[in-house]
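Shown here is one chain on its own, the form predicted on its own, set out as structure tokens.
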Amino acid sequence: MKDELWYKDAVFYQVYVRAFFDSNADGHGDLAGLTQKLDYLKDLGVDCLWLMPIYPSPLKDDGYDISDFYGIYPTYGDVKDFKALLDAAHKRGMRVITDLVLNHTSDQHPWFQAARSDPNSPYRDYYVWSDTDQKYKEARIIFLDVEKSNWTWDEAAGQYYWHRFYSSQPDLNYDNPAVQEEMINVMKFWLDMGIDGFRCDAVPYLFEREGTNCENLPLTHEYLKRLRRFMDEHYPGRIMLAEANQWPQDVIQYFGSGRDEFHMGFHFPLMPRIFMALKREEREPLVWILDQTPDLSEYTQWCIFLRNHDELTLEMVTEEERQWMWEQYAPEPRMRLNLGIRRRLAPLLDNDRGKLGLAYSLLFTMPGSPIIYYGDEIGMGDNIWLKDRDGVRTPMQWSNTNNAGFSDADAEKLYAPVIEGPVYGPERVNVADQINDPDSLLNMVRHMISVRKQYPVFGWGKFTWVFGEAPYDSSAVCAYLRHHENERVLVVHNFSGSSQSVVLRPPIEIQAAVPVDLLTGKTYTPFEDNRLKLDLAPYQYLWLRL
């Protein structure tokens, strides 16, 4: 059973294949290039790769606009290359999950082209059509900066079609049983090839009903449970990870009873509050959101992350908090996108090793399985002058050589320019230099992952806040106990740029314990009366085994 719950302990790594490594000097990363770099990821401590879409696509939304669910985007290689990647990853004990985009297709997909050109085509009913754009008016518009409506008029069809995202991504009609069967066939195709599961994109929006906001509807859950039954029956040990940018009480529904819907779900509202807490130098934003986060069953798991391929989303904050986050983290208008911030982790945290260490310590010790976004482990920068979210999807910086070691192509042939400049350019930020520097960000992250893997408490343990005793408390100190079976780890963070003293009383009897910091091996003064007095340096963090 424990082997089927592998995702509870796993460290995930999100890969944009186009950006990772170019094996054939055409300026684009590819599957063969990723295969060549698997040893780097294995050495980092990665258990599972999440590949962003690798399917044929017009790339109006970087591959999330799919024109063929059963193929590989030719620039990335072919099915044979994909199979070679899977085999090589599995040989190294690593798993691979891919994006499953259930909600929509590209408007270039043959299904949509047939649907719009012939009202009698069986594919007409694969999409959601209307003679008016006044239906489902209670559904919010997600891409407010570019879309004025969830309906777009199609001249060829003589009707409006429904889309929750870009107008180039018409939504599939899940009221049609043929669509439901089709997407199960898509799952089967890739599972038969050997993938270990799916990160399921935009799952709250599959069905529409008048008088609702067309999100999180019971019919959506019914269909997702059907996908899980299919997977459990034919492919045990594979997983489904839900992308549902919702409040915890809504996301919890996507876990079903614990064993009948998703295995994992992203914790979106936690992410911006990590940045709030670090900037305010106080724990309150984290306490607030985690106190609203329901406990999960032993069969399910949160996925937590610091950054990803999209903007740092601010959908799950108040308007006042959003404005504050923009002021603090995106002072220039180009840094803002939609309801979010298009910046990478290192620039967000001022490239400050103390703050980066705190952020990674939170990522690896809070409840859930961590996902690292490619390049963040070396502190890559961003380019806010590229369009859309492209500024956080630039080539991986492998070395201080031509094109940062990403490609042997001429620079003008690269799919996107390499980051330049004295702070984040490859002269300062690259894998080769950091591998050889024991004090590098890469080696810090690698060490944290290595320690995390030795203690199941981080993947499996219960979570309890530990607050300081007056007068020795500080709102800048964020401490919690992770406990599982006989393991107890007290995690302590100082969010402040100044020293803090605190007296902690963990909620379990541990007078005899001599706390040892798992990261440094340093021992701390034993508890007296179950108390521990700590003098914390600026931005210090401790993983104290009790």
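Note that residue numbering follows the sequence shown and begins at 1. Note that this is a predicted model, so its numbers are computed, not measured.
Here the subject shifts to the form predicted in complex with a small molecule, a form of this protein not shown in this document.
Colleague: If we define contact as a non-hydrogen atom of the residue within 4.5 angstroms of the partner, is residue 310 a contact of the small molecule in the predicted complex?
Modeller: Because a heavy atom of residue 310 falls inside 4.5 Å of the small molecule in the predicted complex, the answer is yes.
Colleague: Would you classify residue 201 as touching the small molecule in the predicted complex, given a 4.5 Å non-hydrogen atom cut-off?
Modeller: Flag for residue 201 set to yes.
Colleague: Taking heavy atoms only, is residue 165 within 4.5 angstroms of the small molecule in the predicted complex?
Modeller: The answer is yes: residue 165 has a heavy atom within 4.5 Å of the small molecule.
Colleague: Taking any heavy atom pair closer than or equal to 4.5 Å as contact, tell me whether residue 47 reaches the small molecule in the predicted complex.
Modeller: Residue 47: no, not in contact with the small molecule in the predicted complex.
Colleague: Even though the small molecule is not shown here, does it sit in the predicted complex so that 104, 389 and 393 each have a heavy atom within 4.5 Å?
Modeller: Yes.
Colleague: Counting any heavy atom within 4.5 Å as contact, can you tell me which stretch out of 484-492, 61-69, 498-506, 28-36 lines the small molecule in the predicted complex?
Modeller: Answer to the contact question: 61-69.
Colleague: Ok, 424, 143, 161, 275: which has a heavy atom sitting within 4.5 Å of the small molecule in the predicted complex?
Modeller: The residue in contact is 143.
Colleague: Quick one: from 365, 301, 150, 169, grab the residue that has a heavy atom within 4.5 Å of the small molecule in the predicted complex.
Modeller: If I apply the 4.5 Å criterion carefully, the residue I get is 169.
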